[in-house]
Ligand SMILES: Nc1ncnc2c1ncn2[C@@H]1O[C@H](COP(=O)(O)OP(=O)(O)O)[C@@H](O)[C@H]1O
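One chain comes next, on its own, written out as structure tokens in the form predicted alone.
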């Protein structure tokens, strides 16, 4: 009977050996920050990135080019904190755009609005496990229907740490775990701020659909009344003429 002899010793697995990625560089890390909208995910990400930079590490920030709400070339939190970034349609293009030599010297990569990147899983695997980078991502764990959004949840099995933040429910002030959409659009990707979304607790998420339907009915009724009133004014002007 033959036996397979592993080239990796038990001591190395337990920390007694030097487990390195190709190129003799230690493996990196992956940290995930999730939560509903207005939970402070971007603020937490910026805080981590600035802390890494203050500690002498080379850092870079990436966001989706789809997000142009506050700035094109900066990550901006809802409270106005800002950090320069690379706005990209995908993560696979980052290394070429950043430059090979600069990428080799890079220690930490921050990714905001991570749910918009379809290649998030592959990028995080390669950056952390082959290139030795620390990757910190922030994104929505669920869409407005509380379904998995993009590939963010796929990263959790890879992550060294996962932080779930909460906001405050706009109806009752309790901890908000979910995002309620105010508009009638049904597509998954609908970029917007407080004009489109609100954070809510479980109770008000469940009741929220009825509330929003009632609110939309009121708005529609007001709109119809304005249009009728406008038409009546036009008829009166025509009669005068």
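Residue numbers count along the first chain shown, from 1. Quick caveat: nothing in here was measured; it's all calculated off a predicted structure.
Beyond the structure shown, there is the form predicted together with this ligand, which is absent from this document and is the topic of what follows.
Q: Does residue 40 reach this ligand in the model of the complex, with heavy atoms at most 4.5 Å apart?
A: Residue 40 belongs to the contact set for this ligand.
Q: Classify residue 170 as contacting or not contacting this ligand in the model of the complex by the rule of any non-hydrogen atom within 4.5 angstroms, answering yes or no.
A: Yes.
Q: Is residue 101 close enough to this ligand in the model of the complex to count, meaning some heavy atom within 4.5 Å?
A: Close contact is absent here: in the model of the complex, residue 101 is far from this ligand, nothing within 4.5 Å, heavy atoms only.
Q: Quick one: is residue 151 in contact with this ligand in the model of the complex, heavy atoms, 4.5 Å cut-off?
A: No, no contact at 4.5 Å.
Q: Decide yes or no: are 79, 194 and 199 jointly within 4.5 Å of this ligand in the model of the complex, with each residue judged by its heavy atoms?
A: Answer is yes for this spot.
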